[in-house]
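In the form predicted alone, a lone chain appears below as structure tokens.
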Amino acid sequence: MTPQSTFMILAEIREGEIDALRDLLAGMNRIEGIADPENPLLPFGQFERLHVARFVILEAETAEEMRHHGREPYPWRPSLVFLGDCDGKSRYFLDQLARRAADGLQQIFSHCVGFDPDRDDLLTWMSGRNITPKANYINWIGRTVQQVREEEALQRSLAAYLPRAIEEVGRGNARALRQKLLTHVELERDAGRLQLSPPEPTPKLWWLGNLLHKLGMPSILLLLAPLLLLSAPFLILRLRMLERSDPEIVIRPGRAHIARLSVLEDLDVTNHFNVLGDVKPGLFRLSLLKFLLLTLDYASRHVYNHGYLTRVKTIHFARWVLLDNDRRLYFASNYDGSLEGYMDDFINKVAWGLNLVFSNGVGYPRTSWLIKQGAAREQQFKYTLRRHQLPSEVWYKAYPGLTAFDLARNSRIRQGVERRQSSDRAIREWLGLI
């Protein structure tokens, strides 16, 4: 199994160069916001281990909300973010980027503070600005870009051949129909038109690190349990005091802001999402947020790692990142369907989960006992998300047109090819997937 990893390069944009940078990034797109996989600056399609990537200009458009908490807004200069998810270790991927797309990346990063293409080593510069998320979600750990593409080709080939197979053996004989399809697969593989590569061995160091992480956090919590139990009443009391005193910030997002975002949405079955906001002031909120992100990362890594995040099955990748000395939280995701459906999914299925993390952000709807209300206050929640949302200047996906459901279905089809079903019912279920 090849595990996935993330990268996120953050750099402040030089004074007065934001418009020139936007124009440069726009030239990478096939249509507005969607990258041309073969664009000359950064030909994403030539990097066979890259799942998704994007360039985002982070601007603190809602920083004034901090005044509702009696604080001056934190200063923030517009910054460029280049982030993505890849197969294997991110440092190997960044090295590949630096070797194969150096000219284009140098043009892009020359608009950023601290980068001089004549003086700075590109790989060293990117690595020094690569930020690790506090929590990260991968829809299916170990499913590589190569696997996705090979399984899509398998599904398409079987779907195209199926009508002919039905004509020859009829619909009623499921076993004969399956054998026809399996023979077709073998012939296509022998002719080189289909390939089903075996998975690479799981890196031993990754396997060991993952096991230690899986066992380590529960062990630490068990050791801390007496202290946590003793302090729990005081922590709960402090939380309720803050929940009751948090200012209500209900601001409807402007039409121009919504229009700017909407033009980039629903151009593929998958959409991309960026949110930037301030963490509520005070050590308690920050400490609670860090603990909950740690818990979320653990659950995403060891529990929700095979196709779903709690009850939500439409997310491909997501990350939660603390920025600006832990004063701001950035969330980025890739999800299937419309934004309205995405928000409704969370409201209806896992509102409590949203509350755990995002209730520690400025402007989030008021919660009760951390898990109640919050996202369940639908209109206020949607206003908050839209107001804090930022567009992606460039977005790339290695397998456009495929949803997380499609990927799971195609994997099941492949499993049916490699592991023969024993019953007629199981065979019919497999045929139904095609």
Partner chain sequence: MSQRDGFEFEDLQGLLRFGHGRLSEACFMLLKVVDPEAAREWLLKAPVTDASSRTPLPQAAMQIAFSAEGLRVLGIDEAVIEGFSDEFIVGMTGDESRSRRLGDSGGSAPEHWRWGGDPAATPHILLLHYALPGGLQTQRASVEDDRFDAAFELIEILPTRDLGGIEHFGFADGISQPKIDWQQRQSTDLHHRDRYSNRLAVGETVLGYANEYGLYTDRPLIDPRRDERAAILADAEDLPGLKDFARNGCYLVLRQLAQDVSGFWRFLDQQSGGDAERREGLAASMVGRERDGTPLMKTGGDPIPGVAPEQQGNQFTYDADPGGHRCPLGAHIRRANPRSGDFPPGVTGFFSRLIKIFGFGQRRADEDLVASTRFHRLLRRGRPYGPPLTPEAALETDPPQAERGLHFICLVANISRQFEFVQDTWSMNSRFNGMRQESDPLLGGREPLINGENSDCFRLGQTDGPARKVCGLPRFVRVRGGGYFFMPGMRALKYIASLSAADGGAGR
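No experiment lies behind these values; they were computed from the predicted model shown. Numbering follows the first chain given and starts at 1.
This protein has a second form, the form predicted in complex with the partner chain, left out of what is shown; the following refers to that one.
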Contact residue in the predicted bound form, from 340, 103, 168, 116 (heavy atom within 4.5 Å of the partner chain): 340
Single option in 313, 149, 301, 129 placed near the partner chain in the predicted bound form, where near means a heavy atom within 4.5 Å: 313
The partner chain contact at residue 95 in the predicted bound form, heavy atom, 4.5 Å: no
Residue 244: touches the partner chain in the predicted bound form, heavy atom cutoff 4.5 angstroms: no
The partner chain contact in the predicted bound form: residue 64, any heavy atom under 4.5 Å: no
Residue 59, heavy atom within 4.5 angstroms of the partner chain in the predicted bound form: no
Partner-facing stretch of 197-205, 344-352, 324-332, 236-244, counted where any non-hydrogen atom is within 4.5 angstroms of the partner chain in the predicted bound form: 344-352
The partner chain in the predicted bound form reached by all of 9, 125 and 182, non-hydrogen atom within 4.5 Å: no
Members of 19-37 lying within 4.5 angstroms of the partner chain, judged by heavy atom, in the predicted bound form: 30, 31, 34
